[in-house]
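Just the one chain here, the form predicted on its own, laid out as structure tokens.
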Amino acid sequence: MHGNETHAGSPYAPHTDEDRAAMLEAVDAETVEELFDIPGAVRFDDEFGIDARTERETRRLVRSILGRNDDLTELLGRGHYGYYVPSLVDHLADRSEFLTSYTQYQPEVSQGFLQALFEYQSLLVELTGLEIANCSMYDAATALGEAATLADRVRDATGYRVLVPEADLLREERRSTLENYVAGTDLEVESYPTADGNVDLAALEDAVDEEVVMIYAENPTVRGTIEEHLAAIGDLADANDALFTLGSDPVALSLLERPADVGADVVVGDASVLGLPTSYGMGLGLFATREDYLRQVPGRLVGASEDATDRRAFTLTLQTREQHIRRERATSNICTNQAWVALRTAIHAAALGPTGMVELANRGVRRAETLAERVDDIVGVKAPVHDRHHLREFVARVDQPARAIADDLERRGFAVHVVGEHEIQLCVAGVPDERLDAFAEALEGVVR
């Protein structure tokens, strides 16, 4: 802004009339509107009609709108888990130097944030047993897509097949995003059979051939079961020169077998199970892999080094992999990350510590087992459907139509997933014990 000049637009675009006139002349345009080709059908030239309000009035209005939401206890899960987030996460992450920071290209003014991201990467390295983790992707679905394109780049032989579980063990949005990612390549996404909430190993063995570049599985599965064939899947992938990509999350990884120990080459998933409340959309994609593939890793990497005075320092490293330098030859076109969410995850994990993370996961095992036993005692309900170990969630079979059961439960204040004509899925993560007791009573009431 120059002098006392004011503009009708944003103060964050402080161009004078002379600045704008010079820029328009340089591109041979008379008005700014000429730079935009907006169809008349979607062009809006009217006023928004939003009355000006004071802060107090605005807060009152927003509270009244939010008050119209149903106050439901959610037993939803399937990738969205409402673990309690300690207040210190908000207090630390809301510091202005974190909230206002963009990508940390200037290490001399970003050491605090860079160190936090380095700790986040170190957390994932320790949990996965793999040597390299980036400092975040958009979400689990895009991380899976990046894993497939990485597999295509690093495989020595030819091949085009990416094998993923059938729909009952793979969320639709992850499959859809994966297919979008490979649409511009020669890769094809194919499903392999599952059985009783796990990979059908014999069927997978029949499906694998020399044209497979990647095999994907999850642990725990989307139905809450612990996958029992991970080592065999890893061996199968290795024997066929394919990459084994495993989907998981930090809470599960604190308790289950380390992916590196079962032959996983890449680990993807959603790390925002820590640090974020249930958000149903926003996430934090984790991506870890072997050091062999370091220069093919997508996204940002924070490295530790020393400054001119021999003090430990942190910086973004190996940036020649990235699109802002290599353009069309970059390993990925991802051009940002979820740094602030990764910060929140790192703070939450540090607050819990190793013992606390293991206990959080163990509680998910115990409480899911307890609720399954409770609802299995209800006439007309069988739980869990799969005779396997579970983490956080499980599927229950109901004699009555599942949609009707879910609707009745919603009227009583509980939300559950319908995953089959006679199947509902129940998740205990973040739900207080007294609400689980109330849910069991409500379920018994609606199935009578």
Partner chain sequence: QYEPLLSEKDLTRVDIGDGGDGIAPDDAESVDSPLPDDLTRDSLELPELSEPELARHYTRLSQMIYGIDSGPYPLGSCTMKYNPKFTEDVAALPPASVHPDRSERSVQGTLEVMYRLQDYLGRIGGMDAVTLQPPAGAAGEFVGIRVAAAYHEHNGEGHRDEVIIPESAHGTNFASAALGGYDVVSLPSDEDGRVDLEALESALSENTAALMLTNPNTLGLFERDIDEIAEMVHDVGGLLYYDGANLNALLGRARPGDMGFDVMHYNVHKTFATPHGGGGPGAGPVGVVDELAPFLPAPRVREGDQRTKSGEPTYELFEPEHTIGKVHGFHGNWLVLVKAFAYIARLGDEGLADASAKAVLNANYLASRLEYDVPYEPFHHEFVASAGDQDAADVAKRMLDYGVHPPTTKWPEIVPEALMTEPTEVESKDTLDRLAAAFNAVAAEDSETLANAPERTTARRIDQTSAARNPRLSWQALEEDES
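Each form is matched to the other, and the largest set of C-alpha atoms that superpose within 1.5 Å is called the rigid core. Fair warning: this is a prediction, and the values are worked out from it, not measured in the lab. Numbering follows the first chain given and starts at 1.
Another form, the form predicted together with its partner chain, is not on view; read the next lines as being about it.
**Student:** Scan L204, L169, V154, I132 and let me know which has any heavy atom within 4.5 Å of its partner chain in the model of the complex.
**Tutor:** Selected residue: I132.
**Student:** Please tell me whether any heavy atom belonging to Q121 falls inside 4.5 Å of a heavy atom of its partner chain, as the geometry stands in the model of the complex.
**Tutor:** Judged by the heavy-atom cut-off of 4.5 Å, Q121 is in contact with its partner chain in the model of the complex.
**Student:** Is there a heavy atom of P107 lying 4.5 Å or less from a heavy atom of its partner chain in the model of the complex?
**Tutor:** Residue-level check for P107: yes, a contact with its partner chain.
**Student:** Taking the shortest heavy atom distance, is T58 within 4.5 Å of its partner chain in the model of the complex?
**Tutor:** Yes - in the model of the complex, heavy atoms of T58 and its partner chain come within 4.5 Å of each other.
**Student:** Taking any heavy atom pair closer than or equal to 4.5 Å as contact, tell me whether P193 reaches its partner chain in the model of the complex.
**Tutor:** No - in the model of the complex, heavy atoms of P193 and its partner chain never come within 4.5 Å of each other.
**Student:** I need the one stretch from 161 to 169, 239 to 247, 322 to 330, 371 to 379 whose residues put non-hydrogen atoms within 4.5 angstroms of its partner chain in the model of the complex.
**Tutor:** In short, 322 to 330.
**Student:** Could you pull out the residues of 20 to 42 that have any heavy atom within 4.5 Å of its partner chain in the model of the complex?
**Tutor:** Contacts from 20 to 42: R20, A22, M23, L24, A26, V27, V32, E33, L35, F36, D37, I38, P39, A41, V42.
**Student:** Taking the rigid core as reference, does K382 move its C-alpha 2 Å or further between the shown form and the other one?
**Tutor:** No, the C-alpha position differs by under 2 Å between the shown form and the other one.
**Student:** Once you line up the core, how about T58: does its CA shift reach 2 Å between the shown form and the other one?
**Tutor:** After core superposition, the displacement of the T58 C-alpha between the shown form and the other one reaches the 2 Å mark, so yes.
**Student:** After core superposition, I'd like to know whether E34 moves between the shown form and the other one (criterion: C-alpha shift of 2 angstroms or more).
**Tutor:** Yes; E34 is a residue whose C-alpha shifts (by 2 Å or more) between the shown form and the other one when the cores are overlaid.
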